[in-house]
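Given next, in structure tokens, is a single chain: the form predicted alone.
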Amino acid sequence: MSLNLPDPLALPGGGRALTSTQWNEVCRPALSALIQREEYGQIPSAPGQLRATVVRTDRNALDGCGTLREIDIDTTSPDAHIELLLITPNAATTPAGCFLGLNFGGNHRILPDAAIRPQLAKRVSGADVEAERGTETGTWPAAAIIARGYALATFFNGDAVPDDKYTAAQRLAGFLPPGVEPDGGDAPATIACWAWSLSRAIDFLSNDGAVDAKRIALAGHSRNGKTALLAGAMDPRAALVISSQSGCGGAGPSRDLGNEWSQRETVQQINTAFPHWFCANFKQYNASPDKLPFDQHALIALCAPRPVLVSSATEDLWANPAGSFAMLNAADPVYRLVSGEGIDVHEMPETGVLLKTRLGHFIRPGRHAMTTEDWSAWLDYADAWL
């Protein structure tokens, strides 16, 4: 597969990385800094203080198969509040691997459990949360995840920063790293702050006795899939990353790769519709994404050597399944250098076939959604690597 893309192994001073040491010590930090500066904004450092409080425990969740906990995670500098829902398998005799991801509508949608708190933002908004309870059991099949021996951890993406271009900026000011101006081109945007919040959940999970800190998998769909990929690229504690239908700004290319690889959603379209997701610097590439000094294969490459699964759907052309597969192939040279293995397949695999290689791929029939069919493949992929 021949694609005209920036080389992620290019050394800043010229030449090309030939060893994993050169990648890790030179290329990787340079690419990480470049991607933050030009696309997502500077991700804040770990907070000055993190306090976790278990507010409820139910040891008989899922008909006795799981222990459900609701945990308040509060941080200072920046000041953030996260309400984490954690379900661990009761049958586990050792700490369990854990799927961690953002949800769109609040923890109360995950299970038809009247005791699960609606998230703070939901409580303030006056949403009809009782009608929403348990409406996403297919999106987050907790029973199936627990039955496979994994824990599930999730929280509302609006906890730390709202997904709202009119109000997000008010919260983002508190996330500014030292030396970064509020109106600066590289000030952190919403996806960067969401990625930061996932790392705060990892802070807690890494010290929880029921969770195996070395087997935490990040999973997310759509804009939460963009976030999972960014968080995995920036936080080496994530053992595996699953990015579902994340499209432009996620696993899909920013460039128009032409012909069958032609992207469906453009940089200009996503920056216009969702100006709060990416930093101001990214807007300069609206009309000329080919001038970006990297593309999304570089973000995938930053996860090396950890497994990355890109998941798509045949009818979701807006998220660019073919282009996302191309990005996996373009990240392959980095994975080969660092781990000795990558993707192995250069033609799009058949629909419904899970590619379990270190750079993995899955595409199912259907539209833009996170489904039980997706989770069945994701759990198989996790079994192969975790």
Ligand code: GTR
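From 1 onward, residues are counted along the sequence shown. Because the structure is predicted, anything quoted here is derived from the model rather than measured.
If you look for the form predicted together with the ligand, you will not find it shown, but the lines that follow are about it.
At a distance threshold of 4.5 angstroms between non-hydrogen atoms, T75 is out of contact with the ligand in the predicted complex.
Heavy atoms of H368 reach within 4.5 Å of the ligand in the predicted complex, making it an interface residue. Not displayed here, the ligand is approached by E265 to within 4.5 Å at the level of heavy atoms in the predicted complex. Using a 4.5 Å cutoff between non-hydrogen atoms, R255 does not count as a contact of the ligand in the predicted complex.
Scanning A210, I202, A143, I270 against the ligand in the predicted complex with a 4.5 Å heavy atom cut-off leaves one residue, I270. Note on the interface: of 106-114, 173-181, 307-315, 271-279, the segment with non-hydrogen atoms within 4.5 angstroms of the ligand in the predicted complex is 271-279. Scanning 211-233 for heavy atoms within 4.5 Å of the ligand in the predicted complex gives S222, R223, K226 in sequence order.
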